[in-house]
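Let's start with one chain on its own, the form predicted alone, as structure tokens.
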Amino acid sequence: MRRKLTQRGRDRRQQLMDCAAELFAERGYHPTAVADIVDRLGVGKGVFYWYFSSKEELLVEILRSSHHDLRRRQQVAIGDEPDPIVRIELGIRASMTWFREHRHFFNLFQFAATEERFAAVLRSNEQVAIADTVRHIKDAIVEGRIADQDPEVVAQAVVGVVEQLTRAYFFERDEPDERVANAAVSFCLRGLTG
């Protein structure tokens, strides 16, 4: 459900999303009721249903919005960098820092991957991440900085490395993001450039 919202309405909607993301990460999606979300914010259920038709719609919007936020972080980090290899490095570092700062979103992504009803938004998010990475890889191939190979396969590998290291070192071991980002960059770039 899309309504034209005032700034106050956009702020309230974001408060609902932030609160729900925290509760879903703490308690799980299924055990968290709409009543838990509105109780934590101190508002009535009518406020929730003004912005979202269901808890499912809310989680879809959280997944979509968090991915947009991650992508904005990557774009800001990359800026106008002309070197495609440096752009890949900056994107990896920005991604890992974002995930470290937003650990609860990673938990939500993992949960959503187990539910078919959230598959479409996750696929869309992944396709955008792959397409962004492919663009930089193609530029590096054209410049002769990366061997001529299937850019989508290489992009899947880069995104997979970042996701796996994020899971293993931030969420399972709580390691510092700089050390893990350095390892991801080193592995990905040396694999790309030989």
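By rigid core we mean the largest C-alpha set that fits within 1.5 Å across both forms. Not measured: the values here are computed from a predicted model. Don't overthink the numbering: it's just position in the shown sequence, from 1.
As for the form predicted in complex with the DNA, it is not shown, yet the points below apply to it.
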Practice prompt. Using heavy atoms only and a 4.5 Å cut-off, determine which of 165, 60, 141, 43 is in contact with the DNA in the predicted bound form.
Written response: 43
Response to the item:
Checked 161, 70, 34, 134 for heavy atoms within 4.5 Å of the DNA in the predicted bound form; positive is 34
Discussion item. Just to confirm the contact call: exactly one of 126-134, 25-33, 142-150, 61-69 touches the DNA in the predicted bound form at a 4.5 Å heavy atom cutoff, so which is it?
Written reply: 25-33
Discussion item. In the predicted bound form, does residue 157 come within 4.5 Å of the DNA, counting heavy atoms only?
Written reply: no
Fill in: 4.5 angstroms heavy atom contact with the DNA in the predicted bound form for residue 8
yes
Item to complete: Consider residue 50 of the chain shown here, and say whether it contacts the DNA in the predicted bound form, taking contact as heavy atoms within 4.5 Å.
Response: yes
Practice prompt. Flag residue 190 as yes or no: does it have a non-hydrogen atom within 4.5 angstroms of any non-hydrogen atom of the DNA in the predicted bound form?
Written response: no
Worksheet item: Is there a C-alpha shift of 2 Å or more at residue 18 between the shown form and the other one once the rigid core is superposed?
Response: no
